[in-house]
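Okay, so here's just one chain, in structure tokens, the form predicted on its own.
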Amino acid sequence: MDLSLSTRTVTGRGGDRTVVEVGGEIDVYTAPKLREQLVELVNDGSYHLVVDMEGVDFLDSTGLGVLVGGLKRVRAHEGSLRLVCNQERILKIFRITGLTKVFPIHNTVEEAVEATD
């Protein structure tokens, strides 16, 4: 399966947020595409990102590494990276790895956008 990516800017209580909508599988083959997108956004000055993972069917350790790398990039600019995920099979991966303590995880894009840093 392939990876689909789209971005849009949404204004919330905390200011402008760039929402990255991800669909498909984030694995060793597709993760570089997501990494490139996150790097490009940060290089273009988008430091407050929301990664919408509602359409993600599969996530492996390479995908987790890309998300952690994205978090480090935005934090270097006093930014934030919030995740949107309500699928139990994906949330379980974050719980098992302890990344629920690293990433703010929200149920909806609206909730993530309205969250203040």
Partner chain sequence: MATVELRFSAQPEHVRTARLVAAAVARRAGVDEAALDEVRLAVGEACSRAVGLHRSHGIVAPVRVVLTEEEKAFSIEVGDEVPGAGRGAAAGVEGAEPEAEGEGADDQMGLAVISGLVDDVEVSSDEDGGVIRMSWPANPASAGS
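None of the values given here were measured: they were computed from a predicted structure. Numbering follows the first chain given and starts at 1.
Just so it is clear, the following notes concern the form predicted in complex with the partner chain, a form of the same protein that is not shown.
Residues S61, R73 and I96 are all found to lie within 4.5 Å of the partner chain in the predicted bound form, as judged by heavy atom distances.
Remark: K92 counts among the residues lining the partner chain in the predicted bound form, judged by a heavy atom distance of 4.5 Å or less. Using a 4.5 angstroms threshold between heavy atoms, E54 stays clear of the partner chain in the predicted bound form. Using a 4.5 angstroms threshold between heavy atoms, E21 stays clear of the partner chain in the predicted bound form. The partner chain in the predicted bound form is approached by R35, whose closest heavy atom lies within 4.5 angstroms of it. Counting a residue when any of its non-hydrogen atoms is within 4.5 Å of the partner chain in the predicted bound form, the hits in 17-39 run E25, D27, V28, Y29, R35.
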